[in-house]
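Presented below, as structure tokens, is a lone chain in the form predicted alone.
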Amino acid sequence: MTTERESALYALVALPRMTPSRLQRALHIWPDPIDAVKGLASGAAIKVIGDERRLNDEGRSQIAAGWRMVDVLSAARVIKRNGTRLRCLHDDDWPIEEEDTTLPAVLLNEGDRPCALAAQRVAIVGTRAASPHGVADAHALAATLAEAGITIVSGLALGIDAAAHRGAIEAGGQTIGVVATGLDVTYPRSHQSLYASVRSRGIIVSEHPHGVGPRPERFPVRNRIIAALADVVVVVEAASRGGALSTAAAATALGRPVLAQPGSTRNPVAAGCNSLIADGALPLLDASDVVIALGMTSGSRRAPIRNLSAATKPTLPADNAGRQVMRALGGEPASLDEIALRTNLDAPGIARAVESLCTLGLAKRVRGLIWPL
């Protein structure tokens, strides 16, 4: 049921030229959002923006005039129609421990399982251009942790993020998707079904009102929200630059443990993880490493970890050819010619063995290479 307080919060979030720092100042001046609405409607915007040096008198006047038009009735209709819930930094159940001007003062969420915020939370992030190995690893890690009652947090992006959400969902667990748009905007558009699945098995979270589209400057804030919501941040694959590293940096600044999965120096999307480990991040070798890190955070108080079992993989094929191919791969992708050089199999034998491995879920063909999973 929509409350007057939630409507007031949404009306504040939806104001033109409202920013996280301005909203924080408004809610410090008027801790009750209903009073904040009344204050801004009366023309008291100067209390919020008065010390901003980059604004001239004309800019202040424009903002004050726009904020006088704060519309609580429209806000109430929007959140009732969409089933939107709002939390603010003064709430007892505010899911972020720190007050930080780089973080939002209000979070909006929609979905069938708001209780996902009550559990321990692990963020799994990484590159959009993930390798098959990275996708499989993120999926398996998320599934294992979700089965143990841990909520998986990620950014609903392509690659590692999508694999983490799907792993949690397919394991019957809970997941939180943090977006840099309004809650009614799907980005990327190809993730319509994934968004629906995340809503049914958890919630989607944003700082933005409905209708806000993706812009580059919004994603670094989205990454900081992911880090702030998580008790532990795990980077599965990351290039030397990108959003996953910005999430890891935000987590470090907030005092969250950061784990990174080491990778081959020949893999360009392992460079960021290897760099994080060199700079002091914990290496991720097994899901139990995440559980150990969770035990060192305040999140360990929220919910007990259920029985944690290693993700099960199909057993190796009994035939000698399949085993030879797996040994030839050695954990790295290879072409059919490279496999032939490393085994005593002929081309038809290799083709049959690869087909069997792919059917069993132990390997995958991608861009002419055979990837062991």
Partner chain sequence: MLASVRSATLHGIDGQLVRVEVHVSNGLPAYTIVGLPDAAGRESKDRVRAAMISSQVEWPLRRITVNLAPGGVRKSGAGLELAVALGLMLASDDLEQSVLDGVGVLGELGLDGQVRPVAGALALVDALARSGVTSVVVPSANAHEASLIPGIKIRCAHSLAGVKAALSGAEDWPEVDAPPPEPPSLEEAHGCFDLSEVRGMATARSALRCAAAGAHHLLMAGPPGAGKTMLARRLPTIMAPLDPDEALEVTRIQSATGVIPARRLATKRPFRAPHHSASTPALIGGGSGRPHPGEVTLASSGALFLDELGEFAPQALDALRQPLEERVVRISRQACSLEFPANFTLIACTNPCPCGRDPFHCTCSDVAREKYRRRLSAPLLDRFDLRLALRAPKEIEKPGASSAEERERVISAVARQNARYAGLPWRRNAHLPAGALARYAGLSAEAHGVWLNAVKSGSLTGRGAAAIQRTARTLADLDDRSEITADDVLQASDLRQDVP
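Positions refer to the first chain, counted from 1. All figures in this text were calculated on a predicted structure; none of them were measured in a lab. The term rigid core refers to the maximal set of C-alpha atoms that superpose within 1.5 Å between the two forms.
Absent from the display: the form predicted together with its partner chain. The rest refers to it.
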Q.
Considering non-hydrogen atoms and a 4.5 Å limit, which listed residue (R342, H28, R323, K47) is close to its partner chain in the predicted complex?
A. R342
Q.
Using a 4.5 Å heavy atom cut-off, which residue among A196, I292, C115, L158 comes into contact with its partner chain in the predicted complex?
A. L158
(Q) Considering non-hydrogen atoms and a 4.5 Å limit, does its partner chain approach G330 in the predicted complex? (A) no
Q: Determine whether any heavy atom of P268 comes within 4.5 Å of a heavy atom of its partner chain in the predicted complex, and answer yes or no.
A: yes
(Q) Please tell me whether any heavy atom belonging to A239 falls inside 4.5 Å of a heavy atom of its partner chain, as the geometry stands in the predicted complex. (A) yes
Q | D35: touches its partner chain in the predicted complex, heavy atom cutoff 4.5 angstroms | A | no
(Q) Does its partner chain, in the predicted complex, lie within 4.5 angstroms of each residue among P188, A351 and V366, using heavy atoms as the measure? (A) yes
Q) Looking at 104 to 112, 121 to 129, 225 to 233, 198 to 206, which lies within 4.5 angstroms of its partner chain in the predicted complex, counting heavy atoms? A) 121 to 129
Q) After the core is overlaid between this form and the one not shown, has the C-alpha of D32 moved by 2 angstroms or more? A) no
Q. On a core-based superposition, does L9 travel 2 Å or more at its Cα between this form and the one not shown?
A. no
Q: Take the rigid core as the frame of reference and indicate whether the C-alpha of L23 shifts by 2 Å or more between this form and the one not shown.
A: no
